[in-house]
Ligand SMILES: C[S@@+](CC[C@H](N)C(=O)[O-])C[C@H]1O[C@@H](n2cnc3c(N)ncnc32)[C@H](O)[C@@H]1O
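Before any questions on how it binds or moves, here is one chain, the form predicted alone, in C-alpha cells.
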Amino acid sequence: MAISPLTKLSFSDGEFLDIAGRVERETGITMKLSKKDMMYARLVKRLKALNLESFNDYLMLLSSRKGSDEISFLINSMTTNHTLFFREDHHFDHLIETFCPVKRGLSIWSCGCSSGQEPYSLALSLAGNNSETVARSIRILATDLDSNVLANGMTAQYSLDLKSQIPQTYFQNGMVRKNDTCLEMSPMIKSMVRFDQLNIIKPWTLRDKFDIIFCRNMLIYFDHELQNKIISQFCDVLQPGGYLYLGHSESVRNKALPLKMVGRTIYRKVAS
C-alpha cells in the first residue's frame, strides 16, 4: 500500500542509533543523537519510495540479502558534500607559488573530492601557467565514497551560477560555456583528472606516490584515533618533500609523524 507523502513516520532513538551505527561502521562518520532530525529528513522520502511503513521495516531491509544495495544509498544520503571551487584559496596560492611553472610531472590526490570542484580547481591552477604538454603530465586522482557526487564530477559540467567562484583568468583555456545555464571544463582540464570511488576507512592500496594530497574538511567527521590513522596512511603514500593540505579546522595531532607545518593547514613531509 502506498504511503501518503504527508504521513509522519515514527522514528525512535533506538532506530536512529541502529542506523547511525551502520553508517559509522561503513564510513567512520560518528552521528550523535542531535543528528536525528537530519537523518529523518534525508531518509523519510526513501522509505516512502520503497513503500516501507516504518523505520523498523527499513532496518529489516538493511539486514536482509538485499541490504548491501541499500547500504550504498544510505551512505550517499548521510555523507555531506558541501564544496566550492577554490575553497580556502590560500591553499591554491601556495600551490601556484610552490609548483608553477611545473618543471616535471606531478601526481596529486584529491581525497574526499565530492562533485569535483576541488580537483578541477587544482587542474585549473596548475595548467594556467604551463603548456598543454606540461599540463597533461599532471595526474590528479579524485576519490570519494559517494557514488552520486563522483558521477556528477565526471560530467565536468557545473551551473553557470558557480562562475563567480572561479577566477576570470582560468576561463579562456580552462572552461567553456556549454549553454545558457551550464559551464563545462575544457578537454585538457578534464584529461588531468581521474575519478574513482574509495572508502578511506576500509583497507586500500594505491599504486602511486603523491607529490600533493588535498584532504580538506573530511577528517572532522572522524574521531581522533581514526584521524591519526588516516594521516599516517597519507604519509605512507606521500613523496618525501611532498605536501599535505588539510581543512581550516583540521590539524596533525601526532607529532611523531614526518610532517612539518609550513603554512596555514599546510604540511610538508620531511625525512623521518
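When you see a residue number, it is the position in the sequence shown, counting from 1. Predicted, not measured: the structure shown is a model, and the values here were computed from it.
Below, we turn to the form predicted together with the ligand, even though it does not appear here.
The partner is not drawn, yet in the predicted complex one stretch among 97-105, 158-166, 194-202, 132-140 has residues with heavy atoms inside 4.5 Å of the ligand: 194-202. Screening Thr83, Ser72, Asn152, Ser186 for any heavy atom within 4.5 Å of the ligand in the predicted complex leaves a single hit, Thr83. Contact annotation for Ile29: at least one heavy atom lies within 4.5 Å of the ligand in the predicted complex. Remark: Tyr221 counts among the residues lining the ligand in the predicted complex, judged by a heavy atom distance of 4.5 Å or less. The ligand in the predicted complex is not approached by Ser232, whose heavy atoms all lie more than 4.5 angstroms from it. The closest heavy atom approach of Ser125 to the ligand in the predicted complex falls outside 4.5 Å.
Residues of 137-154 placing a heavy atom within 4.5 Å of the ligand in the predicted complex, in sequence order: Asp144, Leu145, Asp146, Val149.
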